[in-house]
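Next up: just one chain, as C-alpha cells, the form predicted alone.
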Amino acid sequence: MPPSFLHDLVGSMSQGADGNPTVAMIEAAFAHHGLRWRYINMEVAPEDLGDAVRGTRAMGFKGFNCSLPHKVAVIPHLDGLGESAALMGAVNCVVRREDRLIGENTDGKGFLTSLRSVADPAGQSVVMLGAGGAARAVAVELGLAGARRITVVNRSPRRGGELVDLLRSRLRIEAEFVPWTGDFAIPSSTGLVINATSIGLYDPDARLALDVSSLLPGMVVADVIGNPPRTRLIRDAEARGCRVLDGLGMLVNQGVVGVRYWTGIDPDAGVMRRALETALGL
C-alpha cells in the first residue's frame, strides 16, 4: 500500500468487529462522492487499544470510530475532546485535526439531525426511557440544543440519577429522575418520547413497559433501535397518531456527521441509508 493512500484511511475499532454494516454505509458515501478513501473494520482487544491508537497516528489515519468497550478507555490516548464528548465522557468518533487526535461523539448528533426533520428540540419537554450510553449521548445533545426539561425514566436509580445530575449541573436544564416500575404513563405535557434502551433490538415484537394509551397525537416518539427500524413502539405510536422517528435515521445521520468530520464534505444521506438498509437486509 503506497504511503499516500494511508492518508485516506479511516477505521472502526471494536471488540468483535465482524459484520459491521457501518462499513457498507461509509464506503458507499466515499464511492458516491468519488473519494479514494477506505473504511476498515478492526478488532481491537482492550489491552491493545493504546497501541492501536498509536498505529493510526503513525499510518496517517484521518480518524476512526470506537464502539464498546473502547468509548471511554480511548480518551487518555487522545489529544482533546469536543464539547459534547467532554460532557458525556464518551467518544465514538476520533478526528485528526492537523497533528492532533480529537474525540467527538456523533451518537446524539445523529439523533438530533434526525429529530430536526420533524421537530425543533428547543423548548421541548422530553421523556427519556433508559439512562445508558445512548440515553446519555442523546440527552446531552438535546440539552445543548435547548430542550426545556428532560425526565429520565430508568430501572436503576444510580444510572438514572447520574444522568439527571449531569443535565442539571453541566447543562443547567430542568431534569428529573423517575423510577421505572410497571407500565410508565407519559405525562400529557410531553412533546418528545425517546426509547434509548436496547429493548426491541432484533425483535420487532419486544414490548416496552409503557402505557401506550398515554401516547397522544402530536407527540414525537423516537426509538434508537435501528434493526428492525419499525419496532413495536414505533408501530404503536403511529397507530396513536404520533409522529415517529426510527433508529435507522439516527444511525445514518451519525455516519453523515463522521464523514463530514473526516472529509470536510456533506455526504448524501440517501445513498448512505440505502447502503445500510441493504447491509441489514431490510
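On a predicted model such as this, the values are computed, not experimentally measured, just so you know. All residue numbers are counted from 1 along the displayed sequence.
Omitted here: the form predicted in complex with a small molecule. The next part is about that form.
**Q** Which of 74 to 82, 154 to 162, 186 to 194, 118 to 126 has heavy atoms within 4.5 Å of the small molecule in the predicted bound form?
**A** Within 4.5 Å of the partner lies stretch 154 to 162.
**Q** So the small molecule isn't shown here. In the predicted bound form, which residue out of 131, 167, 147, 91 has a non-hydrogen atom within 4.5 Å of it?
**A** It is 131.
**Q** Of these, 216, 40, 35, 68, which has a heavy atom no more than 4.5 Å from the small molecule in the predicted bound form?
**A** Spelling it out, the residue with a heavy atom inside the cut-off is 68.
**Q** Is there a heavy atom of residue 199 no more than 4.5 Å from a heavy atom of the small molecule in the predicted bound form?
**A** It does: once the small molecule is placed as it appears in the predicted bound form, residue 199 has a heavy atom within 4.5 Å of it.
**Q** How about residue 107: is it within 4.5 Å of the small molecule in the predicted bound form, going by heavy atoms?
**A** Yes, residue 107 is a contact residue.
**Q** Is there a heavy atom of residue 251 no more than 4.5 Å from a heavy atom of the small molecule in the predicted bound form?
**A** The answer is yes: residue 251 has a heavy atom within 4.5 Å of the small molecule.
**Q** According to a 4.5 angstroms non-hydrogen atom cut-off, is residue 256 in contact with the small molecule in the predicted bound form?
**A** No.
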